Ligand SMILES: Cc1cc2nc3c(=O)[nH]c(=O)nc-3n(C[C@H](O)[C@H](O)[C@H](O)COP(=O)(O)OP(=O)(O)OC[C@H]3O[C@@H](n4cnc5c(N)ncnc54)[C@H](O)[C@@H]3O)c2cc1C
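The data below hold one chain only, encoded as structure tokens and taken in the form predicted alone.
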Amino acid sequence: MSLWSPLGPPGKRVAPLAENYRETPLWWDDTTFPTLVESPLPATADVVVVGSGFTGLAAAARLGAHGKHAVVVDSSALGEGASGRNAGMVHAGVRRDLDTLERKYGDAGRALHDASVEAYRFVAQTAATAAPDAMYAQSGWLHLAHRRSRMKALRKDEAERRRRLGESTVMLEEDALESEAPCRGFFGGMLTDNGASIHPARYLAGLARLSLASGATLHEHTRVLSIESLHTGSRVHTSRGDITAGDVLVATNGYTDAAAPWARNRIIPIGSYIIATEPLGDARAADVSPQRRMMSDTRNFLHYWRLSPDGRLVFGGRTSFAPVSVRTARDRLYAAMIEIYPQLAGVRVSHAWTGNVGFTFDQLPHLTRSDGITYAMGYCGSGVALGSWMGTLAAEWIAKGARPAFSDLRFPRIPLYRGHPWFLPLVGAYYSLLDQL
């Protein structure tokens, strides 16, 4: 078993590991996904949905409600993508504030923000009916300033959320943090009621059951090789045969590959890493998060954390913009966790894992259409809510022609980018410098 030493630079610290330590998501331990019996692919479908995450399954369920036969294909098994790997932290909003959205995009910007609010509500409603075992809980969110200079931006954010968005918010000065976050290294924070927790894998399993009940068929281990546009519809070429469909929805987000080159050239896959400790026990868990809030800090290389339903600390972050091993990321995250919660030194890690976050060049989600193919992706770390709702809106567009007001937003790309983010180390160095200011 590895030993924890508080000495030396963070990169040299080694996290202590539980005897049953494994490098798979915590959420997989207690989730039962629907059993999918392998069957031949149908030759035709109303809609082929590429990707069986939150977006794809929510879309399939809504398409079925409109009488459309959806065939969902995924290159991996159900739950193996980011929808089964995230931290299960839910909120409304996108990475641009409402003033910026309205100034730059007008009514479409406001519509995009409003869609994120609907997304938040949708998760609560869907979890209650389709996944009650996912333990959805309205918990609130605490954003913590890692530099005193970040308090000014948090105050502005708090005022906008309260006045324009109707959120219940409170600014906490440094000396008032103890009751909410008895941790170290922060100079204040903003508490908002816009935050909830969920067991993401069980929620995904609930969406899978919902889509199957609606008449969708799900095919795991079926890689899409290419999508051919036809005069009426598309032909999807897969590793297990071809499907001709009236419509295609690509919902692969941070796992978009060469089968969908238009989207691959616009999506930046960035690895996010998470560790989970062994159960802390009631007293120690209360010492970490008395109100069981969702928490994050103001770093660009942000950290985010929460308590799991069984009292573990689930602690994640982007330890590097360049790929690193799970082991390296695990030790870096443990070091960061101990800097924030020195009282947890020596607590063992039971799980460590990674998954791809789908970022975009404008840091906004996109639901759009090109050459007859519909794309929903680019959630920039907010995929539980946005992914679920964007899939639902995509289904409404495909089945009923209900085009979202923000679907005309330009989905930007940059020259020479083909899905391999060669520029991320440079971007990482820049953001690392900003985090020191």
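Numbering starts at 1 and runs along the sequence shown. Please read these numbers as outputs of a predicted model, since none were measured by experiment.
In what follows, reference is made to the form predicted together with the named molecule, a form of this protein that is not presented.
Figure note: of the listed segments 86-94, 149-157, 327-335, 185-193, the one touching the named molecule in the model of the complex, with heavy atoms no more than 4.5 Å away, is 86-94. For the marked spot (211, 368 and 398), a heavy atom within 4.5 Å of the named molecule in the model of the complex is absent from each of the three residues. Put simply, residue 63 is far from the named molecule in the model of the complex: not one heavy atom of it is within 4.5 Å.
Using a 4.5 angstroms limit between non-hydrogen atoms, residue 50 touches the named molecule in the model of the complex.
At a distance threshold of 4.5 angstroms between non-hydrogen atoms, residue 404 is out of contact with the named molecule in the model of the complex. By the criterion of a heavy atom within 4.5 Å, residue 73 is counted among the residues contacting the named molecule in the model of the complex.
Here is the short version: of 120, 341, 304, 136, the single residue with a heavy atom within 4.5 Å of the named molecule in the model of the complex is 304. Only one of the listed residues (259, 349, 101, 280) places a non-hydrogen atom within 4.5 angstroms of the named molecule in the model of the complex, and that residue is 259. If you take 337-370 and check each residue for a heavy atom within 4.5 Å of the named molecule in the model of the complex, you get 355, 356, 357, in sequence order.
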